[in-house]
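Next up: just one chain, as structure tokens, the form predicted on its own.
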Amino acid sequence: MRSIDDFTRPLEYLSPLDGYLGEITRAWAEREVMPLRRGFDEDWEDHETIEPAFKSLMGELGFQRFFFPEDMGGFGMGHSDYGGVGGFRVCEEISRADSAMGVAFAVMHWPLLMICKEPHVNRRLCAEFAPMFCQTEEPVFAANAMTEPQGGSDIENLDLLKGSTIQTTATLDGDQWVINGHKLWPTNSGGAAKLFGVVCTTKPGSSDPDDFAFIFCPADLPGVTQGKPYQKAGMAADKNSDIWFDNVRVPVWYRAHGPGLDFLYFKEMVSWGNVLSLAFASGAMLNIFELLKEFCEETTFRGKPLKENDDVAGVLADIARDIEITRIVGYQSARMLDRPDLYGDNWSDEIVAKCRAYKCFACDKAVEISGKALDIMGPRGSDRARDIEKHWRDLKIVQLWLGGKQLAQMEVARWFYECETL
């Protein structure tokens, strides 16, 4: 009987831990998420049903230790040749059950990439924050405090704006950074995060990469305020809110790497954010396949299963085609992140542009096939009991972040067509 495992993953790319990571994550998702996910929309603020599942995966199973070095209690994937494909598999399996949980899980690791990943490991900061994540069975979230109310995706538009619109400032005062500013929409804000990676400028209005700063900030410091979560059209398991920094003081060595390097390695975070967004889309697409296949086998038309009608079968074939291609592209892009010796540094303009292209393609296809599935199922597709409409709402949000389609198009055009004015 055909299943989601019949969609191709390039076997030569897979991590030696692939089976272990995938089986554990799938079992967790089917046991602790899928039976409850229809109630997540009502749990967007308190996370009473969502939090226990996170505790099991992140704390008890230890997946929040993924990138930290082994000698600090982590899994050591920050210096693995398979961190990309391993992370892709885990995020895909989580997102098959609920892509918002995949987002919250991945973004917990996102700022930690800055200090935990070779070739730019900051062992002092790893040692500072590893106990927070590695010495507990409670879920601990981090957040990438990036987007600002006045600038939208300007911060991600590094090639053109180079951080010149950042209004959150970091001022050096002796051996401390003093942070002031307002961030909007970071995943895992709204009271969830215990640690922020804050995108700042040391000189407002500057387009000099040396003035772009990435500084870690524990959420419980004086002057840090988090707003209440916003209710969204989807993504209930991903809390988003405002964060205010009012003369927040952190040690000078909480800056990830320093002038020029923070800017460079933040571009790597953009590459990873796009590839793992592809994993969220791929996971949701796989579940849409499962739900639609079941519906088309149970539902009859003119005396035979719906799938046996050639007009429906043609649409089903297009859906399967798009899932197959998207999944191969996803694992290919993740493997490219693992092999900078072959493809170039994760922060290179080439890799950033290509990862944006892959994410844009995957999200467009995911939204498209969810719409086709809703069309095939008719009024029953919009029934919450079927879960398809939930995937559609979540996927629209995945499609929008990291600058959405427009910024992706501009960066792809800049690199492939060598545009100079975009």
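All residue numbers are counted from 1 along the displayed sequence. On a predicted model such as this, the values are computed, not experimentally measured, just so you know.
We do not show the form predicted in complex with a further copy of the same chain, though everything after this point is about it.
Here the chain stands alone, but in the predicted complex its contact with a further copy of the same chain, taken as any heavy atom within 4.5 Å, falls in 290 to 298 among 135 to 143, 193 to 201, 168 to 176, 290 to 298. By the criterion of a heavy atom within 4.5 Å, C360 is counted among the residues contacting a further copy of the same chain in the predicted complex.
The closest non-hydrogen atom of G314 lies within 4.5 Å of a further copy of the same chain in the predicted complex. a further copy of the same chain is not drawn, but in the predicted complex it has a heavy atom within 4.5 Å of K354. Under a 4.5 angstroms non-hydrogen atom cutoff, a further copy of the same chain in the predicted complex has I328 among its neighbouring residues.
Residue in contact with a further copy of the same chain in the predicted complex (any heavy atom within 4.5 Å), chosen from E30, D43, D364, E60: D364. For the residues K117, R335, K267, R255, the 4.5 Å heavy atom test against a further copy of the same chain in the predicted complex is passed only by R335. Annotation for 1 to 40: interface residues with a further copy of the same chain in the predicted complex are M1, R2, D6, F7, T8, R9, P10, L11, E12, Y13 [heavy atom within 4.5 Å].
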